[in-house]
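Heads up, the chain below is alone and in the form predicted on its own; it's given as structure tokens.
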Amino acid sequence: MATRTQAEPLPYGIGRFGPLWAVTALVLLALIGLGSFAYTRQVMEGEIVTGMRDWGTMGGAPWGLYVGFIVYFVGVSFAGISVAALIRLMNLTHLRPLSRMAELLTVVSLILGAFSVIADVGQPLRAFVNLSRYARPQSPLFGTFTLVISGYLFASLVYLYLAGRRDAYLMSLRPSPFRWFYRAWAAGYQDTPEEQRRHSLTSFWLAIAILPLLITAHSTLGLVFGLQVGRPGWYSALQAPAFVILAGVSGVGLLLVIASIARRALAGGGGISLDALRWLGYFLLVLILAYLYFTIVEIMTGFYAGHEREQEIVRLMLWGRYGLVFWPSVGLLALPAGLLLLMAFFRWWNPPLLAVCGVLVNLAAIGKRYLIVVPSLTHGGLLPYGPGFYRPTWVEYSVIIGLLALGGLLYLLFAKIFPLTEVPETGKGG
């Protein structure tokens, strides 16, 4: 086996950089450069170059696009590692080719979430120092930085590393410039029956440990908003579960996009079957319907039982200033739900259409994250201040575009260094 494997090239085009890949990488680098330039302007001139202002007498919103994308990126990460853990725990063999894509999606998303925090904080170094000096551990905001950004990212990196050791060993048997990297990742793993058993057992218990961490982390992020009793539009028992559900919608949707692209781009489809995409489609449909139900309940509660400021926020989202974001976001959830229902009814699962559904729900998730953050800051104060106003500037848009491009570039680079799906032991998939 070893002799035959050594003669084979690396699978899935690893180490081979074509013109399309190079052009894509250059475009992403240009967008990253734009975002870096915008952030340097923000560092040099201060957050005055953004659309954020203090609420109250300043008439603005201290949180804006950056915080919305912190919630979005962390939300995307939820589905990635949860899908990977469920594949391991329930032995969903038809979904196994998606496991590493899901794990990588979590790691990249959390990195982007951490960069979004840095972008939002006016003086990042001072903020990190003061976090250890003055933070209150009982505060959900403290949990966002420790449990979500740090602990969650560390656990995800460990899971990705352990799950990839066997493939790193198989890759190290083939001559390539990355052979040293594969040997380092394998760390002495030899794929003996005893090592396979120990590796499987370790991954199983790590999956069990990481699932409650996921729920706790994303609920904590929701409680940052939901426990603020003086902020209409936030104070709600639905915030934590709604954060978890919408995180699943955005994460599964993006995983569906990545899997559809990989199925087309990788040799032999990367082992990704149409059945795997079908399962993701069903999962996404259930999550969308659950979140639409949460949305209806939240709107009805705020409109009929909320006090004056709560009702004002609901009116602004239904037919006021924020309706231009609210209704397209709802439509971008309802349309994929309808398409998925039709595909399920006719048992006709079309990968490009599934990818479109994944894109649409992510656009909806971005809009919903914006609506979670901004309206309650501009119109939700209980003190006698007038309404505020917030509009992102080119600096904020450029930084976010740069972060999205960074995520795409990290994914592209990983795919050319390490396989996105399991390594075939023979010539398959080369």
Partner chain sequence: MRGAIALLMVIGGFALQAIAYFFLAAPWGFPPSSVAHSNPRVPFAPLIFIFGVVLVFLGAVVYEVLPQRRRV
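Predicted, not measured: the structure shown is a model, and the values here were computed from it. Numbering follows the first chain given and starts at 1.
Absent from the display: the form predicted in complex with the partner chain. The rest refers to it.
*Asks:* Under a 4.5 Å heavy atom criterion, is Leu201 part of the interface with the partner chain in the predicted bound form?
*Replies:* Within the cut-off, so yes.
*Asks:* Is there any non-hydrogen atom of Arg197 lying within 4.5 Å of the partner chain in the predicted bound form?
*Replies:* Residue-level check for Arg197: yes, a contact with the partner chain.
*Asks:* Applying a 4.5 Å heavy atom distance criterion, does Arg231 contact the partner chain in the predicted bound form?
*Replies:* No, Arg231 stays farther than 4.5 Å from the partner chain in the predicted bound form.
*Asks:* How about Phe181 - does it come within 4.5 Å of the partner chain in the predicted bound form, if we only consider non-hydrogen atoms?
*Replies:* Residue-level check for Phe181: no, no contact with the partner chain.
*Asks:* Under a 4.5 angstroms heavy atom criterion, identify the one residue in Ile210, Ala355, Leu266, Leu339 near the partner chain in the predicted bound form.
*Replies:* Spelling it out, the residue with a heavy atom inside the cut-off is Ile210.
*Asks:* The partner chain isn't shown here, but in the predicted bound form which of Tyr161, Tyr282, Trp327, Phe303 has a heavy atom within 4.5 Å of it?
*Replies:* The residue in contact is Tyr161.
*Asks:* Mind telling me which stretch in 170 to 178, 241 to 249, 116 to 124, 152 to 160 gets its heavy atoms within 4.5 Å of the partner chain in the predicted bound form?
*Replies:* Single hit among the candidates: 152 to 160.
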